[in-house]
Structure formats: structure tokens, C-alpha cells
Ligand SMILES: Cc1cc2nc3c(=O)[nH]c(=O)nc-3n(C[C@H](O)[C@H](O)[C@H](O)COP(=O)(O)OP(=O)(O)OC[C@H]3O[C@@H](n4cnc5c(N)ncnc54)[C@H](O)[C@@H]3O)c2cc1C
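Shown next as C-alpha cells: one chain only, the form predicted on its own.
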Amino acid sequence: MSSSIKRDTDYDILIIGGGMVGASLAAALSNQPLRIGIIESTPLTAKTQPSYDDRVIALSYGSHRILKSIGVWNELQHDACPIDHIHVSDRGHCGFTHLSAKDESVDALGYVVPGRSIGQTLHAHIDKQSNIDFICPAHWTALESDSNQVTLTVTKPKTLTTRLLVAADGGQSAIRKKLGIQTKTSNYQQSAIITNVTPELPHQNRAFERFTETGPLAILPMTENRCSVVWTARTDQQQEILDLDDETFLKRLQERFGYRLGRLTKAGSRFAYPLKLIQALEQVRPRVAIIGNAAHSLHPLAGQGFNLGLRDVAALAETIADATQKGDDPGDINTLKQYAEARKQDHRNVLTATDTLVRLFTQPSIPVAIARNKVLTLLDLLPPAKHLLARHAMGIAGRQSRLTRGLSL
């Protein structure tokens, strides 16, 4: 941090939530002349060895470029499995489409990376920065704001002031609730069952998105020929599936997925979480910005959640950096409105598309099933349409921030 910069507050940017989204924002701003604080309530765990049951994140091609621009991709790529092909199908019907990295002239459509690796790499990067304080474990107990700053009381106790407060504290954001920001919520009456499996045949870096009558089933390639499974089931089926022994579970999964990868020979531990759409009706307030799951929690269809949050990070970092370089206040509402405007269309497109596809592909009506399979087939036969679909899946459609384009701030 430059000692020549006048500080009227403890921090220029104070981030609530040190998970992947909050840590990514801090890392993206680490080379700016700003003092940054991160408040995280959960103690950081010691580094753990990779395990069969690693939970993974499907990073889009655009997200990979953001992380590369931030300066952390070189450390991550060793644990990353590229996605070379994506096969989309509708169970029990003949319609399908497929996307190819070669057709899009990219090295990979995306990458599957353990969440553990992303978190550890981001925190290691932050630890090296003299202008970032990681305040952990700690949680805030009171919040006040005026035209000049936000004042936050955190445990120990301690009072901190900041020009801009960023809420990156997840789908149940306490900051969002404290500010009285309303949300649009839709309960899908579904649960995502997560596990890893090993197929008999090499996955060849192929990802599968298979729509079923209870919701989408995603099979994602991992290192060591493992595959990550995201099985969407009705809420009333959740416990039954979790209670199955491994042999019966693999048999049930095989019935839903088929034999494109041969027999499924091994299953890891399983856990589940309920699926809801949560959309904050405001993303900014004077001196406050809301990003990631705190602003939008969505169905895991096509793995858009973290990728959408990372695009929030890229856009907010660019807005803050531009304001800082012009000598403007990063917490000023006019500055923050620029960020909100930049993100509006992407939020609308992803949330609308995800919600529509979930409802469309769980509709049992025969005429609807025929229509959606015709659409899948036409997509596969029309290169321009498939190219547009691929760009959306890769997170590079529409307006892109500098970090998404692979440029520095």
C-alpha cells in the first residue's frame, strides 16, 4: 500500500465473506493502491491432501481467463481437467446436441477444478499481498452507514470503517437481510445430489448434461479418470437416494445416464442440498455492493453459479479500479450504479435461461417433449446457433469486462 495515499477510513474496500467469490475480488484488486480487508467467520482449514471425494467447480472458459488475468491460474491448472466436449441429451428421447472446443477454436470449453484447490490458491495469493488483511475467524455484529463510510463492528470486539462494503456472504447473506434488500425466490422442490464416480471407459474430457423427468443430470470429467456427478432429484427422493448402498446407487445412476462411459465402477461419499432460485432485487446501495450468491443463487444446471459470481467480481473490480485511477470514490452510488448496469443483462440472461430450461425439461407433456427434442436436434444442425450456445456456455457472450477478455485492470 502506498503511504502517500490519504486514508480517512480503516479500509477502502471491506469484503464480507472470504470464500471463492470474496477472495477472488480481493485478489483481482491486489495490485491497486487500495487497502482491502476480508472478514470470514469460518476458520480456514489446514491444507489437505487431494481425495477421491473432492468437490469440484466447473469453470467456464471465461472464468479461466478471469483467474488467469488475476494471476492465479498457473497454480490451479495442475489440478484442472479440461472440458473438450459437452454432450446434451434428453433421457428417453432422441434429440441431442454437442459442443466442441475444436469447433470454437479454444483449448477447452471450460475446466473442472476442485473447490479446495481454488480456495487454497486464492488464499495463498492473498497472503502475499501487503495491502490485504484477512480477518478470520470473525463475524460482524453491527452495521451503520452514512454518506462517507460504512462502520462495521466485528467480534473481539473491534470497529472498522470502509468506503465500500462488499457482501460476498452467500445465498443467505446476512448483509443483504440487514439492509432489508428484498429477493425474488422460487423453490424448485428439487435437491442436487453430489458425488464422484469412476467409469469403466476413459472419459476423454467429455462432459454430459442429460435432462431427466426429475431434473438435469450432469457428469463432469475430473483428473484420474474420475467424474463428478450432479444428480437432480425431487426433494421427496433425496433421502432414499442418499441411503442407498454404493452398488444400488451406481445401478440407479447407470439407468439414468446410460453406458456412454461403460459401467460405473466406484462411487464416493454423497451429500445433497436443496435447489432454489434467489435473486436480490438490488445489487447496490450507497457504499454497498452485493455479489455472487448473495446477489443470485441459481439451479446448478450447466454449472453457471460460480461463473456468474466470478463475472460479478471481474466487473466490480474493473469499476473500482477505473474509479481509483480517476481519483473517484469507489463507494459512491454513481460509481456503483455503473457496476450494476454493467451486470444487469448477464444476470437477466443467465437466471431466465436457467429457470426456463429447468421447467421446460421437467415438463412431462408429450408435445413439449417433442418440441424440445426438435430444438436440440436443430441446434446440432445449425452451426451459428450452436456457436451462440457455446459462447453462452463458455461465459464469453455479450458484454465482457477486461478481466474476462484476458486483460489486466
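Don't overthink the numbering: it's just position in the shown sequence, from 1. By rigid core we mean the largest C-alpha set that fits within 1.5 Å across both forms. Only a predicted model underlies this, so the values are computations on that prediction, with no experimental measurement involved.
The same protein also has a form predicted together with this ligand, omitted here; what follows describes it.
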Quiz prompt | 4.5 Å heavy atom contact, residue 293 to this ligand in the predicted complex | solution = yes
Quiz item: Is the gap between residue 14 and this ligand in the predicted complex 4.5 Å or less for some heavy atom pair?
Solution: no
Quiz item: Just to confirm, residue 138 within 4.5 Å of this ligand in the predicted complex by heavy atoms?
Solution: yes
Quiz item: So, in the predicted complex, is residue 25 in contact with this ligand at a 4.5 angstroms heavy atom limit?
Solution: no
Quiz prompt | Contact residue in the predicted complex, chosen from 34, 39, 358, 369 - any heavy atom within 4.5 Å of this ligand | solution = 39
Quiz item: Which one of 121, 97, 304, 190 is close to this ligand in the predicted complex, taking close to mean a heavy atom within 4.5 Å?
Solution: 304
Quiz item: Pick from 350-358, 370-378, 26-34, 54-62: which stretch has non-hydrogen atoms within 4.5 Å of this ligand in the predicted complex?
Solution: 54-62
Quiz item: Considering only 269-287, what residues come within 4.5 Å of this ligand in the predicted complex, judged by heavy atoms?
Solution: 273
Self-check item: Yes/no, residue 68 Cα shift of 2 Å or more between this form and the one not shown with rigid core fixed
Solution: no
